[in-house]
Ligand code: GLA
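Before any questions on how it binds or moves, here is one chain, the form predicted alone, in structure tokens.
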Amino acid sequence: MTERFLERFGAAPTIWTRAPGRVDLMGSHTDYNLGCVLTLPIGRDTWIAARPRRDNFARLHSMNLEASAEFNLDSIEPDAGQRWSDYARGVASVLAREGKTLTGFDAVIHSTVPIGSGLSSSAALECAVATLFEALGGWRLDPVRKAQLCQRAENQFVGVNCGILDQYTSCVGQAGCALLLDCRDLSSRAVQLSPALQVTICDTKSKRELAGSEYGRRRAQCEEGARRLGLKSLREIPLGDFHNREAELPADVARRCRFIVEEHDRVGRMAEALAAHDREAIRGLTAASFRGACDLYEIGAPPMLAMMQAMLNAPGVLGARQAGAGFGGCMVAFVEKARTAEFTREATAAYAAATGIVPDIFPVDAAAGAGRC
């Protein structure tokens, strides 16, 4: 990154920031329904090497995309031709409206978070950019507030109506533990996972774009269900009460809502199971989550089914499920740590044989939230 910075800008970077991606261990789509999520900030990061400028321009270069963009901090508009840069533009726009002093900069960006795979590469970029503006301006944001502003940038500027999960995990994450996040009050507590267990990401190499997918429709259906049931959000209704009232909803709305209410019910139990290394509970909870994701929320895809088969047949696996919003991308397996290498080898071979695609399978550990380096 330093070499590329010197090539493009003629001097060395003086400021470095980073922010991690994340994987949800349980709680798909519960965040925008104000439920709970068990989430893990992962040791795959978006890095920014930067140097302040004397004018109000921001110049960006992405090593991953081999693309460059620039914009004036006094007049921030989306750029349809360089959509990746809208995540940085959006953060700048939101911070400016908050009254924060913004400083121009040159920056080289590189990410080890697989792009478009469901591990929150966009949120990692947003949070790394917000942290850069903090460093340049000499001011600080509370991590939860920073997450909220980055979410607003993605919602209002980029146009993806995501919940708080991705940005919260990237900003508030703690090294060495998962977070049990309550999306209603934005509180969280650390969850220590069993040291004998290895969280393993299985990237199907099947990309998906949330803005052009069924993501927005699923959210609207959940909101319709809550409204019909007289609730502010699906978080408010216990599982038994929902089952008693499910018939009040249109069939497709009922299926979406049932998945969310059942998934929320699984989150706390999964946190306990992963801490206790409860093999039976991990297996049952992950299987129920994946069935619901495919049958009720309908966010499955053929590559996900092929990867699920490969993961469940590999040695050392305790359970596996979807990650992110679904529709392809990454999945997550919970593996006996001593058998991680065997699992990776066998799952890779099985998925490649079934699809003709070589997946990227790698273990992850909990990383610290966004910060300077």
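These figures come from a predicted structure and were not determined experimentally. Numbers for residues come from their place in the sequence shown, where the first is 1.
Heads up, the form predicted in complex with alpha-D-galactopyranose (GLA) isn't pictured, but that's what we're talking about next.
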Examine Gly163 and determine whether its closest non-hydrogen atom to alpha-D-galactopyranose (GLA) in the model of the complex is within 4.5 angstroms. yes
Any non-hydrogen atom of Gly328 within 4.5 angstroms of alpha-D-galactopyranose (GLA) in the model of the complex: no
Is there a heavy atom of Pro41 no more than 4.5 Å from a heavy atom of alpha-D-galactopyranose (GLA) in the model of the complex? no
Taking 4.5 angstroms as the cut-off for heavy atoms, does Asp45 touch alpha-D-galactopyranose (GLA) in the model of the complex? no
alpha-D-galactopyranose (GLA) isn't shown here, but in the model of the complex which of Tyr215, Phe71, Phe105, Phe133 has a heavy atom within 4.5 Å of it? Tyr215
Among 340-348, 48-56, 300-308, 319-327, which stretch sits within 4.5 Å of alpha-D-galactopyranose (GLA) in the model of the complex, heavy atoms only? 319-327
